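In structure tokens, the next block holds one chain alone, the form predicted on its own.
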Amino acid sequence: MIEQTRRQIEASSRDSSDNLLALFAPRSVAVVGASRDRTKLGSLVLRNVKSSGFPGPIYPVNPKARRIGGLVAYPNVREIPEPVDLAVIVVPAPSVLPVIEDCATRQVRAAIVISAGFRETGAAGAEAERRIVEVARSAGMRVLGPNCLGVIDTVTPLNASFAARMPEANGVAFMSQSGALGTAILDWAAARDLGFSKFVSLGNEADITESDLLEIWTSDESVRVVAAYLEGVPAGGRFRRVAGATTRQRPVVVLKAGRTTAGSRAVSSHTGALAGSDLAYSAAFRQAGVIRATTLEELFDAALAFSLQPMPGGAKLTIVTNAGGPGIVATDAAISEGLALTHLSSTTTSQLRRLLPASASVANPIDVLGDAGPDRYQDAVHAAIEDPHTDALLVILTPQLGTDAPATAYVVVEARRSTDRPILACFMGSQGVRRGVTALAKGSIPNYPFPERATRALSAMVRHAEHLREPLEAPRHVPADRATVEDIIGRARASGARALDSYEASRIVAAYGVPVPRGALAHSADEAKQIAGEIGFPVVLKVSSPDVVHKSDVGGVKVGLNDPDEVGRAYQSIVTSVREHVPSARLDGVAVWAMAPPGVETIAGVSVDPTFGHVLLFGMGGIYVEILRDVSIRIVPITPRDALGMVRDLRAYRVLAGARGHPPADVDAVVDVLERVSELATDFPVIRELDINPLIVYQATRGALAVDVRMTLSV
């Protein structure tokens, strides 16, 4: 494995100067700032590199020492006689830049800057950090950090960090944007037999980011699952692309912190208010196939299952238990997590009746009773796992009189060796099951102390398996009159306008094929009457002004007009009222629209997220949009599957699908509108916010109408 990685390093250095792989499998390591004082960080890092079993040369660098820890020391990197792949830098912040310059001169492939005192300290630190990256990139050198814990690779092996322990080897590659959290996780994982193949503290991410690591871990055979603690991503678009490629090869589970405050920003539209940053992260993760964990416990529960078990073929779970209560808890938890209980075949239930006591339950959950020993568990487990309908098995054990936890654990381990279906365990308790839990860990069976945690981990596996089964899909290209949109937006920007009036905004969405009512712009009462006659009554009049956002509040809307005289009076009333309420408003005219028939009111819109760019929203509309907040979010551009998923995500989807005697709405028309709005935002990134509220949806095959459209532009 290590030789394969080193060959990748050599190829990357020849082809693209991308030396990122040297972080994990370097041929040699220099520890800059190594110290003979065992209390110093440089001493700890050097000891870690040595004690990890790193197979290559190790070069301590210290201008005041000739030997450190039995190794020849060098005054600086330039004087090391052999090539250096990786430099681990543990010197005061002001000394880091000269060290990086030395590394660049010696063509060091990668550097880990553990030193703190950079961007996190203010403007001067940020400038020093920028200069470090500038020098490194000019030499093709990659930099991790600064202000980081370091890197651990159990495959090489290499511990280039100041962590207190070297973890056991496992298939979990973990990255963290918090170094302190990383040290705690290493200690926590060691007590729970959870190992890592890679462990990376990202620090300030001045150069190397989570996307870089995902990119190389996509093809790393030592990585079965990627787990990450993230507080943000610096380049959302790249992260989404790279993560999407990674999840096609191996699962990615992320705990994204900051769920409660990330969306607090000033916005002017319904869409912007509803599509806060945390929802954008959830959408990006979902579209990329990333599993989002809500707690650290959930993150590592899922990582453990992914690292040890095969993917399930479906969502049907069979439960074997020696206690009814935990079986019921597991059943409730499974259903809540979107799993289904296996309907066991008649052959399986007949077999169980022959093998188990008459008072045992042969339904699912299979209750082998409290006095069950290993033999009874063996009969039930083998019957359950061989049932053709079982996709996954959960074995629950509670310590009761006569329970043999270690022997039962061996039964579970042996069953796993005979099947390609995942088996999870829930040996509940502490002292009474400790030896059994140890036996499960040695046999690569993930054990969870409570059923809810086991079913949640299995649910993550099922979601990933479903993601893998979904075919790759590209956004649908829609025909559009792009020239008209360019003209409208060009004139608006030339005039300095940040907002378009509703008439021009409607023309833009119509140019992309979004249906709008028949309408035209009137500049006098007589013209309004003429337009209304051509459209047909009833009609609606709306003021057209980029300076009036909420038209109804200033008397700028009149509905249900049934004859020319009403239209004439309405025109004069709108102009007078708007001038009274907003004297400085520019009046482009009054739009005359055919009055849309009633239907289901929804909202569709676009806003700009600071991390991921344009975000598309769909939800129930009208006056309840911000009260009910029943919305779904995706990052632009979307695929047809994304568009349909947005509709089906709504709690009120049954309203659209037809419920309680109501006919189904035209969901296909909604999907079409969402795809067209997505392409509009993709083609014209200058659009900052777009609201279609309401988008009225009619009965199946009868389409949808964008009744009111608002749009703002970026500066």
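In this text, residue numbers run from 1 along the sequence as written. Computed from a prediction, not measured in an experiment: that's the story for all the values here.
The following text describes the form predicted together with adenosine-5'-diphosphate, which does not appear among the structures shown.
Student: Indicate whether adenosine-5'-diphosphate has at least one heavy atom within 4.5 Å of a heavy atom of residue 552 in the model of the complex.
Tutor: The answer is yes: residue 552 has a heavy atom within 4.5 Å of adenosine-5'-diphosphate.
Student: Is residue 546 close to adenosine-5'-diphosphate in the model of the complex, meaning a heavy atom pair under 4.5 Å apart or at it?
Tutor: No - in the model of the complex, heavy atoms of residue 546 and adenosine-5'-diphosphate never come within 4.5 Å of each other.
Student: Is residue 601 part of the interface with adenosine-5'-diphosphate in the model of the complex - any heavy atom within 4.5 Å?
Tutor: It does: once adenosine-5'-diphosphate is placed as it appears in the model of the complex, residue 601 has a heavy atom within 4.5 Å of it.
Student: Contact with adenosine-5'-diphosphate in the model of the complex for residue 596, defined as at least one heavy atom pair within 4.5 Å: yes or no?
Tutor: Yes, residue 596 sits close enough to adenosine-5'-diphosphate in the model of the complex that at least one of its heavy atoms falls within 4.5 Å.
Student: Exactly one stretch in 640-648, 158-166, 320-328, 554-562 has heavy atoms within 4.5 Å of adenosine-5'-diphosphate in the model of the complex; which is it?
Tutor: Within 4.5 Å of the partner lies stretch 554-562.
Student: I need to confirm a contact call. Of 179, 312, 517, 436, which residue comes within 4.5 Å of adenosine-5'-diphosphate in the model of the complex, counting heavy atoms only?
Tutor: Going through each option in turn, the one that passes is 517.
Student: Check each of 421, 456, 542, 198 and return the one that places a heavy atom within 4.5 angstroms of adenosine-5'-diphosphate in the model of the complex.
Tutor: If I apply the 4.5 Å criterion carefully, the residue I get is 542.
Student: Which residues within 682-715 place at least one heavy atom within 4.5 Å of adenosine-5'-diphosphate in the model of the complex?
Tutor: Contacting residues: 693, 694, 707, 708, 710.
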